Structure formats: structure tokens, C-alpha cells
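Just the one chain here, laid out as C-alpha cells, in the form predicted on its own.
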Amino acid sequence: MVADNQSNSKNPDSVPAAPSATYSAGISPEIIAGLHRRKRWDRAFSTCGFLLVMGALSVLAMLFGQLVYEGGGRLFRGHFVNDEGFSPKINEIAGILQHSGDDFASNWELAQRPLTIANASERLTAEELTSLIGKKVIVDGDVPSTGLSEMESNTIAASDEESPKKYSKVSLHGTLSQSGGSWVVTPSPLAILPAEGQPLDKSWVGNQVAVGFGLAKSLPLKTKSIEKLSFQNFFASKPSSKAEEAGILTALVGSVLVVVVTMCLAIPLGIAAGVWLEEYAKKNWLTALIEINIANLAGVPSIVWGLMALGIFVYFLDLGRSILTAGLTLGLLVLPIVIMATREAIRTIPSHIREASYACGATKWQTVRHHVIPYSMGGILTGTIIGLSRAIGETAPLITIGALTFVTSLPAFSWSNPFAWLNSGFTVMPIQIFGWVSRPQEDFRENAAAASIVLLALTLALNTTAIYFRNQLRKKIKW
């Protein structure tokens, strides 16, 4: 080989030998073939791993995309309610209150929002409908109740009048237009006469109002009452039998309060138990038995925790089917997870940190307080928040202890008794989603998809919080 190298250096035009030929001079062909096989397996495993990860991410993206497609629009859609929080009645009409002139005793008008006209193409041909675009029409049919935007039409005819001569619950006067593939009628403003005993001033102009009207159908429309309306979105609405009016307010508040009780139980007890098992408990058969049981409890199905809570908290301790019972149940469910996370975080602390503290004369508690717990707090917080993320999505134990699927009132609270909400009935986000999915109406499934997006956002927010605190605490570690 030395001679070959010398000849190659003398002749620059000579081609160097292939690597395989060089290896073959000192390595058997079987070893070289085995190395090639190992490289092929490495490439195959790397490719399979990449494809599996991308496939999993694609499935998650498809699932989340489906949720956004079904329920994303519902998050930003709402309805109007009166000052007491109720939607206008079916026999009321809603719109924007307008006024012209200086006499506030008269000259009031109600401008209603545009309505989509169903069955329009079945009543008139496309040419006839097109000829009516931008013109005044009279639509006869089923006028929707307040809050809905679609009208079932029976007939559509051109109108010679620029304003309606009379109002009827089964007819509508307005301007026809086309939006996409839908036919839309913008109702003509209705002249209304304010009810007696309800003076209107300029502060009412431009407000969304609901008008309760009397029996008279001749214009101006005689009213029994006029009340201001406010917009209520998906997050501020309570459950309702109408999908377009239902929201997640009570479920969202219930989930937050239940998680607060869970945190108050699981975090202090879990961290204290983990510190005791790792730093203070003697290694004997008793602590080994405790450790095995904690590991087993972390894998117990959640329904078992619900049955235990039903027997102990609801029946034996007579705590009722309340937020307190739910928080205690989920606290016990999360407690083993917090203990195990605390122990694993403490084990990552090098032993020389403790030895250096003892060498400086610190006691056991001072070492744990000033060194062990601060340095392990990042891992403890991560495990704790992940456990709470599991708790916020649990359904089975809460159904077992009697959580409701339809709660229209918020938990009781008063400054004289600030903990009264602990004994209130409740519902949570997963149970509210389950209740909506169980309904046959398609609109409720849209609500369920929107609520699922909110629940996922809450879970991601908790996990993001855990990652943030972990990174911030790790920056403070100086070893």
C-alpha cells in the first residue's frame, strides 16, 4: 500500500482507489456488507419515523380543521337580549330605532335587518326574480321569529308603493337583492308610534330595540312596549333550547371554579407528599408499598374515582352534588400525578447540591426549602399543570357525582358569604359538549364544535403556561 501511495503521488492523473477497495484490503467483505445493511436499516427507521410523525400531525391538523370548519363561525355569532337577559318574544319585531325631525313624540321608524328568503326560486323563475332586483317587493309567508334570519316564502310580488301601507306577521315589504346564491329582502322601515307612558328621546336613536306591537295593523304601527336590546355572544350566553341562543357561560364558569378547587387540594398535598417521600421518608417496606400504590392510583380509570366520590363525598359526608364535591373528586384524581411529577423533578437535583448545603451548616429543611424545591420547581409546575389539563377535560367522574347538563344560572356568590358557590350546582365544558352532541338538531353540533375549540384552547393555554414557567425557572438555575 505504501508503494501504491507513492506511485499515486508521483502520477497526479491517476485515479484514487474507491473506499470499498481500501476497506477490503483490511476488512472482510462480510463486515462491509453488514455495515451497509445497518446503514440501510438506519435510513429505513429514520424515514418511517419521519412519515409516522408527519402522519400524526396531519391527522391532528385534519381533526382541528374540522372543528374550526364546523364551529369557528359560531364563536363570533350571537343574538340580542333585553336588559334582563332574555331574547325578544316571538310576537315582537326587532330592529334599529330611527328618528327624523325634532318632535320626539312622533316620526319614529324601525329599520329591520335583511332576511334571507327561502323557496324564492320555487315561486318565481330566475328571470322574474332577476327583474325584481333593487325593486320594492311584497313577500308573503312565514316571517321568522326574532333572532332568526330566514323567511319561508309563499309568494313574491312587485310592489307599487315605496313604503308599506300596513304591517302583518305573514307579509314583508322591502327591497329584493341577491347575495351569492341566496335571495335577500331588506325590509322597508316601519313607522311606529311609541307606547303610552314610554317617552322616547334622542338617546334611543340608533339602538337595537324590540317592539311589542298591538292588534292594530294600520301604520303607523301601534306599539305596546319598546325595549333596548344588547348583543350577547357565544361566551356570554347561557344554555338554551334554541341553538342560536345557547352559549357556554355557565359551563365555562363551572369548569374554572372546579379547577380552582382541584388546584387548592392537589397542588399543596401533592408537592408535600412528593417532597416527604424523596427527602424525609426512610426506604423500607412501608414507603415501597406507598410508592407502588401511588403509581397504581395514577392509572385508575376516572369512573372509579367518580364512584368513590359518590359514596364518600355525596352520601357519607353529605356534601351534595356541588362544585366542592367535583373539585375534591378531580383533586384526588390528579393527586397521584402531582406526587409522581414532584418526585421525578426532585430526583434530577444533583446530590452535590445537598452535600454543599450541609457542608455550610444548613439543616434538612433549609436545604429542601432553599435549594431542592427552587431548582426542581420547573419540573413540578410542568407535571402539575399537565395534571390539571387532564382534570379540565374529565367527564365520567363528574357525571357519576351528579353534574347537570342544562344549567341556566351561575353559581351563587355574595360578599357576605364569599364561599357560597362551593355548594352550588354546576356543569362543565365536557358535559355541555356531550349534551349538545346528544341533541338531534344540526345547529347544536355546531355549538358543540365551537365549545370543543374553546376547551382545546384552555388546555393548550395551560400547557403553554407550564412550558413558559419551566423555561423561566431553568434560567435561574446556577449549577
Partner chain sequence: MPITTSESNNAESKKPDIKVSGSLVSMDPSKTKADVQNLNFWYGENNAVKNLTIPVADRKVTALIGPSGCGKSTFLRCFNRMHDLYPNTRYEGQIILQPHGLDLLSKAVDPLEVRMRVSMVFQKPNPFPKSIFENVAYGLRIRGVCDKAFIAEKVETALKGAALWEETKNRLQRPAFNLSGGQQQRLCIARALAVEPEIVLFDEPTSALDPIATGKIEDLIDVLKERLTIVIVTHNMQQASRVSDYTAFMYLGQLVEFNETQKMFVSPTNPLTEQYITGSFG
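Residue numbers count along the first chain shown, from 1. Here the structure is a predicted model, which means the values were calculated and not measured.
This protein has a second form, the form predicted in complex with the partner chain, left out of what is shown; the following refers to that one.
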If you check C264, L317, I353, V205 against the partner chain in the model of the complex, which one has a heavy atom within 4.5 Å? I353
So which of G101, G361, G197, G134 gets a non-hydrogen atom within 4.5 Å of the partner chain in the model of the complex? G361
Checking a candidate spot here: are S357, Q366 and H371 all in contact with the partner chain in the model of the complex (at least one heavy atom each within 4.5 Å)? yes
My question is simply whether Y167 lines the interface with the partner chain in the model of the complex - judged by any non-hydrogen atom within 4.5 Å. no
Does F80 reach the partner chain in the model of the complex, with heavy atoms at most 4.5 Å apart? no
Heavy atoms within 4.5 Å of the partner chain in the model of the complex: does Y375 have any? yes
Just one stretch in 345-353, 266-274, 177-185, 307-315 has heavy atoms within 4.5 Å of the partner chain in the model of the complex, so which one is it? 345-353
